[in-house]
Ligand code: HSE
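What follows is a single chain, given as C-alpha cells, in the form predicted on its own.
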C-alpha cells in the first residue's frame, strides 16, 4: 500500500483533532483512499502542553522548517494561524514544492493573491476547506457542486460565537455583556473576542466565499463590517414582535455594478431557514441561477469538525499524488488566470434594503408625524409602526419598519431626525433581508 507522509505545523486544538481523526479513522481513510496517510513530523513551539491525544515524542520538533525541508513529506498542514509567520511558512513550503493544507481564513483574506499565485507558479495545491464554516464542506460544494451555476447571492451565519451570543440574548432576554461572559466561561468565546463579535472573522470568511463564488478578487479592507456589541434585548424584543430574529449575517451579492460584500446584524424573518440556526451552529444560504436556494448547516468550529475538513483536503491532495496528477481545482477561478484584478465593491450608500428603526423620543403629540415627514422627504416609506407606552413628559420608544430604501437616503434622514429636540440619543437602525 502506498504511504503519503504529511507534516503538521501547529499541534494545538485543531492539530490534535487532525491527529485523532487520522488515528481513529485510519481504516476508513485507507479503504477510501487506497493508501496510508502517515504523520511524519510535527512542529510546535510547546512540547510540554497537555493534548487530548497521545503523540509520540519522537515526532516533535520546535523548528517548523524541519517539516518544510523534509524531502519525504509532500503535504504540509499549517494550523498555527496568524498572518505573518504562517505566511512565511506556507510560501516556504510551496517553494519546496509542498502541497499545503490550511485553516487560516485571515491569511487567505488578507494575502490570498500572493498565496494562490505562489501555488500556481510552483505547481502545488492548497486546500483550505477548514477556513470557512468548520466541518461544513462549503468550499468543495461551491467549487464542484455548484460549478454549473452562476451564484446570485450568499447569506452566511459563519461566526459561531456571535450566533451563540445572539441566540442566548433572544432566549433569555439578557444583556450582551452578560451573555458574552457566559460564552467565554463555556469556551464559545475567546478571552479577547473582538474578531468574532466585531464581525471581522465573518468578513475573513466572506472574502473567501466571494473569491470562489464570483471568481474574483476583492479588497478585504473595503468590506463593510459591523459587529453585535450594540444589539440590545430591547431591539431583539421589538424584532420578535414584528416576526423577526436578529442574526449576524455575512452577505454577498453579484450586481451589474460590482459585488455587494457586507457583514452586519440583520433582521431575518422567523420561519425561514437562517432564522432557526441557533447556538454555535453555522449555516450558509446560497442562491444559484440553476439550483435555486440551498442551505448548508452544521458545526462551524471546534476541534473535530474543523479537523474533519482539514483531513478531507489531505485525502483529496493525496489522491492526486497517487494518480500523478497536478490539480488546480483548489484554486479560485481568478488564480487560474493571469493578471487578475480587484473587483469593484458596491458602496453601502447604494445598497437598498428594508430597515428596522428605533427612536427614543419625548412622549408628546406630533413626534411620530415629524419623524415620518423626514423619512418621506428622503424617499423612505413606512411599512409598520410600534409606539410603546403613554408617559406624558417622559420618554418612549418608537419603532418603525420601512419599505426598501437606499442607504444613502436613510443616512440623510437619520442625520436630520437625530437633530430633533424630541429625539433622545442617537437612533438605532438594523437592516432587514428578505430570504423567503
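Residue numbers count along the first chain shown, from 1. Given the structure is predicted, the values throughout are model-derived calculations rather than measurements.
Although not depicted, the form predicted in complex with this ligand is the subject of the following passage.
- Contact with this ligand in the model of the complex, defined as any heavy atom within 4.5 Å, is confined among 268 to 276, 313 to 321, 209 to 217, 153 to 161 to 153 to 161.
- With the partner omitted here, the residue from 168, 111, 262, 105 that has a non-hydrogen atom within 4.5 angstroms of this ligand in the model of the complex is 105.
- Of the residues given (225, 246, 301, 115), 301 alone sits with a heavy atom within 4.5 Å of this ligand in the model of the complex.
- The closest heavy atom approach of residue 196 to this ligand in the model of the complex falls within 4.5 Å.
- Although the partner is absent from this view, residue 99 stays clear of this ligand in the model of the complex, with no non-hydrogen atom inside 4.5 angstroms.
- This ligand is not drawn, but in the model of the complex it has no heavy atom within 4.5 Å of residue 78.
- The shortest heavy atom separation between residue 129 and this ligand in the model of the complex exceeds 4.5 Å.
- Counting a residue when any of its non-hydrogen atoms is within 4.5 Å of this ligand in the model of the complex, the hits in 192 to 228 run 196, 201, 205.
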